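Before any questions on how it binds or moves, here is one chain, the form predicted alone, in structure tokens.
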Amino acid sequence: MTAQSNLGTALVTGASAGIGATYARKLAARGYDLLLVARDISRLNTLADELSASHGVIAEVLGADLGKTDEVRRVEKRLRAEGDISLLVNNAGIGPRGALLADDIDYLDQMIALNVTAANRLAVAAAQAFAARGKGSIINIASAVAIVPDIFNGTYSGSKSFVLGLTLALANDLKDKGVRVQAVLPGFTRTEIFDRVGGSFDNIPADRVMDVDDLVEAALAGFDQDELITVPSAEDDNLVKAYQEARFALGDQASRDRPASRYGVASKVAA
């Protein structure tokens, strides 16, 4: 019988392919046991058998459609109840089918249910459970479009901006609780996601598309370095630091008792 890992169990959503499956493989190689979550149980079983055989870890499958509330709650129940779960890789999500004005609004609602509602529920559930245990880690997979939303489908960009904002807020809430949080912001990554929504890499320059193995390897390196925001392809980490500094600087001026003088509006607050 396979012994339980000292690192505990990593719960990986969207684990049947792409970024999720790659995380599963790399975490198994590190010695994590796995709870693999996705809709495609057949592919999950194949992956679980592969990882158990190659790394000697326990790999369990939990079939769930995270676009459905009752199935999200089933995964949440496992997160809260099982004390050996030490890491959540909150990865499940779908991308757009095209430009926002040409996209199907019902499909966009499905995207929000998965990318926002499910991601939020699992992240918060993990944060609450891990904080109570005094240990654990959460990796939220956002997207580079979270910081440049105007260049992509707005609903998708907005969903990933939500994930980034949630991660930043959770990090503040959890800073004294023994729980680590990371937001990963991939750019274009070579996975099945474009095929699933009818897209293609053909019109994207090759130097803009990262291999999924490279992406996850870099993201885990950022995790090892305790990065809060990881942009795997950003060569100049000073840009990430400047982004954070600019946020705080603007935030400091975002709520005051009178309008900025540049608007020329007379304040009703007595001088």
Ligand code: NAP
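The first residue of the shown sequence is 1; numbering continues from there. Given the structure is predicted, the values throughout are model-derived calculations rather than measurements.
The discussion below concerns the form predicted together with the ligand, not included here.
At the 4.5 Å threshold, heavy atoms of residue 40 reach the ligand in the predicted bound form. Using a 4.5 angstroms limit between non-hydrogen atoms, residue 109 is distant from the ligand in the predicted bound form.
Shown alone here, residue 11 lies farther than 4.5 Å from the ligand in the predicted bound form, counting heavy atoms only. By the criterion of a heavy atom within 4.5 Å, residue 143 is counted among the residues contacting the ligand in the predicted bound form.
Here the chain stands alone, but in the predicted bound form its contact with the ligand, taken as any heavy atom within 4.5 Å, falls in 134 to 142 among 81 to 89, 97 to 105, 134 to 142, 168 to 176. When contacts are defined as a non-hydrogen atom within 4.5 Å, all of 66, 156 and 186 contact the ligand in the predicted bound form.
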